[in-house]
Ligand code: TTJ
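Here you get one chain, nothing else, as structure tokens; it is the form predicted alone.
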């Protein structure tokens, strides 16, 4: 091969915001829904930073019919004077320069979530247009930006100013910033903001910033339409009369994270009615936590650093858990609830049924990755542990709190006995070689591949579908695990009951990671765990049960993106002579397939995987080149926890209410009605 000429002239230098446009995933994680909302959070985070540092007490977010969104705050306003180095306004610097902002030192912001300095500029780079209005020092300024394809340069120009910062000559006593932007459909696969996603996050931020008022207005939907679609009337705080008024809601909590814990535990049985709350500062780190124990069997700890969720935890969570375990053991021994010969309570037992919110604010935060999911500052552990110990000891010392702490210890002791029995049962089973071998004999059709990153495990509903899947699979990398009956709903059960369930033990053995605090992804046998169930109510129930188990007992598996939902087709559209076969996965696609097959088509509605041949199951559901898989991710841990509690918990009224709003059990009936109508209109093809 001839050697190619390669010198300095071949090096490409990405200027301005070009790098963001070329590799958006590096800055916002993805170009899917998560990335779309990320560019909104970047602007919201800037407003929250103003509030968290005492400069603002109101934030207004608005979603528009044209697909744009805006964020307005009553903070100090983005600087409008000329930057000494770039010789352009501060507004232009903030929205056109990567790694530019007022958060790299401690002069303007004590605590900040947006520490990377790329937030506003990345939002600008990935928008068709963006406009800024600043009210500052009695004046009102405005500036616009746009992105476009330059035909001469044959490249996109991103976030280019449409003109200089302009003084609108409008005098005002108000102050703050207004930013509106339209996400670029050339970048994002879907540019429609989710009302539920935005609402959950803003509600969360209001909890975390006590006294802050956040309003959300969605001009795409009216208040009456929202209520007609099943929205809850009590969620609508503003008195909006008439069908033309947009849906709007206000979030404001004087109780802060104490109210947050109360919100998490709504409808649950509680050991004590009022959450325990403490706030202190140690070594420059502000620590705030609220806890409440419930009658549930799993722990729910939601942590935040500078208002940013950290679902993957970090050193602050380690400090909190260590401190809590230490105090409860000390209290138990001082009050003779633990005898001298008794072992200490383990952390998992003391936190059974715990709902906790931990919020810390610190300088020089090191998040692991731009998407900020884990705190990487080791120096955060000791101050958080110290504040946790100090706070819980102070609470326990109050005479009125004795009954509360006695109840916590009593529940922890019960949990410890259950966990000891469960551990002994596991050890006995392992000693007999049953849990890791006999459990899988005759059940798991294992693949021959030895590389977990390439291997897939299909968890299939029933022996019939399992047999078909075994015939359809590629033995080299696909394993099949049929379920015989429904697994246990772990939301309502103790650990020993969970481990006593044969189907659950089989899944644990097949995956190889262990569960709970012992869950170790380094031991994972399959990097794709695919739930494959029928597209009916029983199938959906099994799917929910398995997702609940994975989320409660194998959380890292879900967080790392190893869990998937297999999507078998709902319909086959074909010609009677077998010349054409097309598969549709929903009603919308069904119509497209009908149009493609043309006159003389027939429709088969699949009610279960057992109705498919091995070839059909492979073609539609198992072939990596053609199948549809949904990766299970947790973008909002609080919302996920609430949904699992609602769907799988004991509150029947909450579950009925949720299903009434969101489930459609009449899809097939609606489809058949449409077919019948077409027949009556003389459409012989139907």
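Bear in mind that the values here come from a model prediction, so they are computed numbers and not experimental data. Residue numbers count along the first chain shown, from 1.
One more form of this protein, predicted together with the ligand, exists but is not displayed; see below.
- With the site C-alphas superimposed, the ligand pose in the predicted bound form sets the ligand onto this chain such that no atom is closer than 2.4 Å to backbone or C-beta atoms; an open site results.
- Judged against the ligand in the predicted bound form with a 4.5 angstroms heavy atom cut-off, the residues 73, 79 and 95 are in contact without exception.
- Per the 4.5 Å heavy atom criterion, the ligand in the predicted bound form is contacted by stretch 175 to 183, the sole one of 150 to 158, 175 to 183, 457 to 465, 341 to 349.
- In the predicted bound form, no heavy atom of residue 620 sits within 4.5 Å of the ligand.
- In the predicted bound form, the ligand sits within 4.5 Å of a heavy atom of residue 120.
- The ligand in the predicted bound form comes within 4.5 Å of a heavy atom belonging to residue 136.
- Contact check for residue 39: every heavy atom lies farther than 4.5 Å from the ligand in the predicted bound form.
- Though the ligand is absent from this view, in the predicted bound form it lies within 4.5 Å of a heavy atom of just one residue from 63, 28, 52, 43, which is 43.
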